[in-house]
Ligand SMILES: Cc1cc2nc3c(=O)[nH]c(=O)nc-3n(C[C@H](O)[C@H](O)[C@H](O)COP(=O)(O)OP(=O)(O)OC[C@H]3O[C@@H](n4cnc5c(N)ncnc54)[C@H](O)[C@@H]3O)c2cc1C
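The form predicted on its own is given below as one chain in structure tokens.
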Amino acid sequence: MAVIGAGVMGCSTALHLARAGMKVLLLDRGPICREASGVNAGTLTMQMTRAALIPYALRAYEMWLRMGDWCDGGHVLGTACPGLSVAFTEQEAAMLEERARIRRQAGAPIEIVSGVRAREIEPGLSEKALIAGHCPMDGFASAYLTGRAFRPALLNAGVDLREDCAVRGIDAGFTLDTAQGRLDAARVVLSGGVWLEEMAGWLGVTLPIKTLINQLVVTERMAPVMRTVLGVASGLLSLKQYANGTVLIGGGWQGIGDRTRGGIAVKPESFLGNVRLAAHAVPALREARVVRAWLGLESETADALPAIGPIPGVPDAWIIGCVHSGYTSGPYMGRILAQAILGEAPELPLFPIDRLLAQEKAA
């Protein structure tokens, strides 16, 4: 089995397949988990996860917090803490209540609390908050450590890990054209994030993938100013403070770049909008000094639901990616894809791409 793309989902798929006895080759054009899986905000959240993915996110949340137990001691400094999604306007409050109701039905323990109660949970929160969605099962991790956490487990399981080994194409019979020569595989898994569109094309499949150029900001180390994972009803803020005092500000504000060239540059108006919203939510951040900003590429299908399952018309070829809040759910998604590949019934249903290919033909 060749798994092409060593992000969270590729690593998890490869690890679970190898532990089941399959001979696994895991390839990436760079170091493992250094694209989207290593530069995202590291948020482990139910409130930002789509309702359809809540059951998956709940299981993955436990995997992140107990990563050392199933990943040979590897860890990402997984931290459990409450999560707040805040409304500052009546319109946002209505949006928040509806969103919490739908996610609660999907199994997320989210309750609506008053602004006063929200400030008891998060003393750093602005007094302008009207209400908040409160989820006791949120948290965060250090995404930068993801590859370091997976590496020993992959090697101990016998995975043939090839980093800095770009795959340029796949010929009939799954002969891979790579930077290290031609390699043969009996089966393949495509796990390339925003590059899945090009990778599916190697197998003659047209699968449009949207590319988001997310922008993130980190501050210098500060005295404690918050103790939750904080967002706003619009979804345009992801805020948390790490144990070393730095505050990570995200929320999907877009930078400049594309799939071919990667993240090119920070967009000034996005930077200002993001940090102003953060300071509006937590006033103490007005005194913070920014250390740096960077970009990470996020993939999305036409219906914004994941692409996980067999590739139609290509026996023994599989695909995984495009999971909203993909870092939160990533390790669990890899586990259930491995179950399907091994001929087992996945614990939860996959997301086959047949629906997306049918849409493309209709168009």
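Counting begins at 1, following the sequence as shown. Since we're looking at a predicted model, the values are computed, not measured.
Note that the form predicted together with this ligand isn't included here; everything after this is about it.
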{"item": "Site status for this ligand placed as in the predicted complex, C-alpha superposition, 2.4 Å backbone or C-beta test", "value": "open"}
{"item": "Listed range touching this ligand, judged in the predicted complex by heavy atoms within 4.5 Å, from 311-319, 28-36, 66-74, 333-341", "value": "28-36"}
{"item": "Residues Gly83, Ala118 and Leu285 all lining this ligand in the predicted complex, heavy atom within 4.5 Å", "value": "no"}
{"item": "In the predicted complex, Ala14 touching this ligand (heavy atom, 4.5 Å)", "value": "no"}
{"item": "Interface membership of Leu305, this ligand in the predicted complex, 4.5 Å heavy atom rule", "value": "no"}
{"item": "Proximity of Ala41 to this ligand in the predicted complex, heavy atoms at 4.5 Å", "value": "yes"}
{"item": "Non-hydrogen atom contact Ile54 with this ligand in the predicted complex at 4.5 angstroms", "value": "no"}
{"item": "Listed residue that, although this ligand is not shown, lies within 4.5 Å of it in the predicted complex (heavy atoms), from Gly147, Gly231, Gly133, Gly193", "value": "Gly193"}
{"item": "Among the candidates Val275, Val225, Val113, Cys165, the residue which, in the predicted complex, approaches this ligand to within 4.5 Å (heavy atoms)", "value": "Cys165"}
{"item": "Stretch 270-300: residues contacting this ligand in the predicted complex, 4.5 Å heavy atom cut-off", "value": "Gly296, Leu297, Glu298"}
